[in-house]
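To begin, one chain is listed below as structure tokens, in the form predicted on its own.
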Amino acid sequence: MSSRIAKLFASAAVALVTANAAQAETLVVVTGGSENMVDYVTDYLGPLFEEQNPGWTVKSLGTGPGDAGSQAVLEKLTAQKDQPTWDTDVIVTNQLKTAEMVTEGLLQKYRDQIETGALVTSDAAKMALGTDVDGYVMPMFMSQTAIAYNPDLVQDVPTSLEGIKTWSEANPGAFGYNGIKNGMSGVAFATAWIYAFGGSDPKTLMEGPYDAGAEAGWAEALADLKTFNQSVTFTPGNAGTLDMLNRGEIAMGPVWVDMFYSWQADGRLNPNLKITLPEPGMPGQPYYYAIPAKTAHAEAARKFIALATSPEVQAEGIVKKFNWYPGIDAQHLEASMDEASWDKLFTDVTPADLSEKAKPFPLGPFFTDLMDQYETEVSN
């Protein structure tokens, strides 16, 4: 564990001692995500839980985004493994590290013990990069990639990766993406390309088992992608793709949906721009709510997660505040949302589109092979 993370946990421990002197119980929520995820618990979800559960205080602690933040949570739980109880009650972590925690016995099953557990049916609630996490997790939200486009410049919008390939060849330079080194929207597009043209069942890449033989068609697909890249404009990153779309320098490109809608809401993006989710689909990734195996407050932790994954909170907190797709099935939110908010998020990409075409990233070994082969076969 880094010294920075150790100090964060030490500060939290001091805060807990102080809090426990004044409060009957404290629920500790540790988030291995971006700062806005920590703020979400501190400013919105925690106070809502405290209001509904008098005598409880929610303490929120962030360990940082990406694998490093979730790794710090894993290390924290591992360090306490031999203790009778642990001082963390709820964690919010990414797919990779959550899967490792399940494998190492650091989490407990709880989903069938909360009423909202039945509201999620996505594959992401069952498998995390090839690891069975069914019952151990509830998705906090789904971050999804899609294709953004300018309808003034794209009249016949491609509905598939095959259509995008054809359209880009006919419109040199009008499709833009950021490759695989400058942001995950480009990585997601390269992954979708392999799902579409890699020659094997994408389900094998997503669920395993890992078998290098499933990559037999990749060489041809990547050679095709190298040819495709000769007709595209490379952007400097996720934000760069949106900037170039906004300036009309490109007409189409892969983006993160939450970033797309947040920029439109902030007035940073042409309100006429739209998104589509082409066949066979594009990857996204959730962050998970999970409960450490030896939390001292398992019942309160389940109540917290049930609240966080209720249709009302998912509608207000996840969809309206952040423009993320919900962690539970979107069909359960419509009654809790005003028409304008619902239409904004689900007009271009419908709940049915998400159910059919929102894909996970491939298993870790396949993902590593894809990045390596892209570098060798496409970038060079």
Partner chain sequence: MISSKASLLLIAPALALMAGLFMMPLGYSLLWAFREEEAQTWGIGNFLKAWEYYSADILFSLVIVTLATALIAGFSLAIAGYLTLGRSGWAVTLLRWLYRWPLFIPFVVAAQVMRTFLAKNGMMNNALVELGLLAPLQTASYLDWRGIVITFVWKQTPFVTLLVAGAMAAMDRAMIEAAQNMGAKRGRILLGIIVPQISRTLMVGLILSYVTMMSVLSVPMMINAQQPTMLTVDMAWRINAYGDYGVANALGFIAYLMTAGVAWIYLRGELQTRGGAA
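Keep in mind the model is a prediction, meaning the values are calculated, not measured. Residue numbers count along the first chain shown, from 1.
There is another form of this protein, the form predicted together with the partner chain, and it is not shown here; the text below is about that form.
> Hey, of 288-296, 215-223, 112-120, 229-237, which bit sits against the partner chain in the predicted complex at 4.5 Å between non-hydrogen atoms?
Comparing against the partner chain in the predicted complex, the contact stretch is 229-237.
> Please identify the residue among Arg268, Lys203, Lys181, Lys126 with any heavy atom within 4.5 Å of the partner chain in the predicted complex.
Of Arg268, Lys203, Lys181, Lys126, the residue with a heavy atom within 4.5 Å of the partner chain in the predicted complex is Lys181.
> Only one of Asp132, Glu249, Glu169, Glu104 gets a heavy atom within 4.5 Å of the partner chain in the predicted complex. Which one?
Contact with the partner chain in the predicted complex is made by Glu249 alone.
> Within 4.5 Å of the partner chain in the predicted complex, do Asp67, Glu75 and Ser379 each have at least one heavy atom?
All three within 4.5 Å in the predicted complex.
> Looking at the partner-bound form in the predicted complex, is Asn150 within 4.5 Å of the partner chain by any heavy atom?
Although the partner chain is absent here, Asn150 would stay clear of it in the predicted complex, with no heavy atoms inside 4.5 Å.
> If you check in the predicted complex, is Arg302 within 4.5 Å of the partner chain, heavy atoms only?
Contact check for Arg302: no, nothing within 4.5 Å of the partner chain in the predicted complex.
> So, in the predicted complex, is Gln71 in contact with the partner chain at a 4.5 angstroms heavy atom limit?
Yes.
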